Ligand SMILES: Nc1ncnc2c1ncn2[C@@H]1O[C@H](COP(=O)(O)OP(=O)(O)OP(=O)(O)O)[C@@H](O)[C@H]1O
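A single chain comes next, written as C-alpha cells; it is the form predicted alone.
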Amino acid sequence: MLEISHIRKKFVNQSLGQAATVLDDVSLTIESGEFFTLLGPSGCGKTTLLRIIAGLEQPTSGRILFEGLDVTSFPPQRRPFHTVFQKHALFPHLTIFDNVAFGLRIQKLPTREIHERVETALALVKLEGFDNRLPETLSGGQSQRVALARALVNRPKVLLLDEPLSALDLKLREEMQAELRLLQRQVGITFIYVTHDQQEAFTLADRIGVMKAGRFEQISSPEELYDQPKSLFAAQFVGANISLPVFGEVQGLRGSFEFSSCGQVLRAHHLIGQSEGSRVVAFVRPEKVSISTSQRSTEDNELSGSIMQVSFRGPYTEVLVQIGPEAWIPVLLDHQQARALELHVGQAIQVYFRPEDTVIFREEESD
C-alpha cells in the first residue's frame, strides 16, 4: 500500500554551512490495514520520516509511493493521510462537534453528511453526547479522543500518529493504548505510529521498525524483535537484558560457540555480526535466567555468585546477583519461588541459563 524507497534527508545549518544526515537510505513497505510502529530513541529520525510521509517535509532524495502513485511532491492536502500530533491543538472556542467538523466544512460538504460523519466519528472514540462541550472541560484522554475523531472523520487511508499518548499519565496511557488498537481493528485503516516507548510499541504494533541514527536496525513482528534481535542495539533497546563480559576469543563447538565469562566457560547457540578478531558481548534475557542455592547437573550455562540485593517489584521479585568484580545479573522470580528459596543478601547462589537463550553480538554495535 505504502512504499518508502531510499529516503534520505539532510538538514543544513546555514550559519555553520554544515549538513546533518537525519535519514540515511531508508526503505520500507507497509501493507494495507497494518499497524506499523516506528520505534527508537530521540533523534533517531522517526518523526522526520513520519513528516516526510505526511508531506510536511520534503526528502533530500528518494520517493514515497502510495498504491503505486508517486506522491513525493504532493502537498499534505493532496495525500489521503491524516496526522495526529502529540499536542492535540483543539480550537478552544469551538465545541467538540465543531472541532471534529472543521475539516469537513473546509471541504464544503453538505450539512447532513457533516452531521452524520461527525456523530459516527464521536461514537467510534466513545464520545457520544460530547457534541456541545468545549475543549477546556475535557480530560487529557478525552482531548486525545477528539483529536482522533477529527482525523477519522476525514476517512483517511493512512493515519499517522506522532507520540499521541506521551503526555498522558501511565494508567490513562495504557487504557488509551488498548482503545487505540481496538479502534484500528474496527476501522481497518493503516496506522503508522511513532513512539520511543518499547512497551507501547509491543502493545500496539503488527510490525515494528527499530531506528538508530537515521537507519533501520530491524523491521519485524514484536515477538521476533524480542526473541530474535538482529543487532545488539535492537536487543538492548527492547525489553530488560543482561550483557555478560566476554574474555578471549569465541570458539566454535559442534554448532554452538564457547566463550569465557567471569571465570567460567559458557556456550551460546547464536552468533550475530561477528568478524574475526572483533570484540563481542554475550546477551540473555533476565526471564530466561534461573537460580539455585546449590549446584545441579545440567547442560545449562552456570555462573557462581552472591546475592547483592533482593527487591520487591510488584508482580515479581528481582534478585541482583554479583558474578564478578564489576558484573551483576538481575534474576526475576515470582514471589512463591523467592519465598521458597529463602534468599538473603550475601548468600552464595548459582545462576543458570540455556545456551539456546544466549546470543553473542559484536561489541562495536552498541556504540
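What you see is a predicted model; the values in this text were computed from it and never measured. Heads up: residue numbers just count along the shown sequence, starting at 1.
Although it is not shown, the form predicted together with this ligand is what the next lines describe.
Note on the partner interface in the model of the complex: the residue among 196, 117, 88, 79 having a heavy atom within 4.5 angstroms of this ligand is 196. In summary, among the residues 43, 33, 330, 62, the only one with a non-hydrogen atom within 4.5 Å of this ligand in the model of the complex is 43. Taking the partner from elsewhere, residue 349 is found to have every heavy atom lying beyond 4.5 Å of this ligand in the model of the complex. Not displayed here, this ligand is approached by residue 163 to within 4.5 Å at the level of heavy atoms in the model of the complex. Contact annotation for residue 22: at least one heavy atom lies within 4.5 Å of this ligand in the model of the complex. This ligand is not drawn, but in the model of the complex it has no heavy atom within 4.5 Å of residue 317. Partner contact region in the model of the complex: 34-42, out of 320-328, 304-312, 34-42, 334-342, criterion any non-hydrogen atom within 4.5 Å of this ligand. Residues from 93-124 do not approach this ligand in the model of the complex: none has a non-hydrogen atom within 4.5 Å of it.
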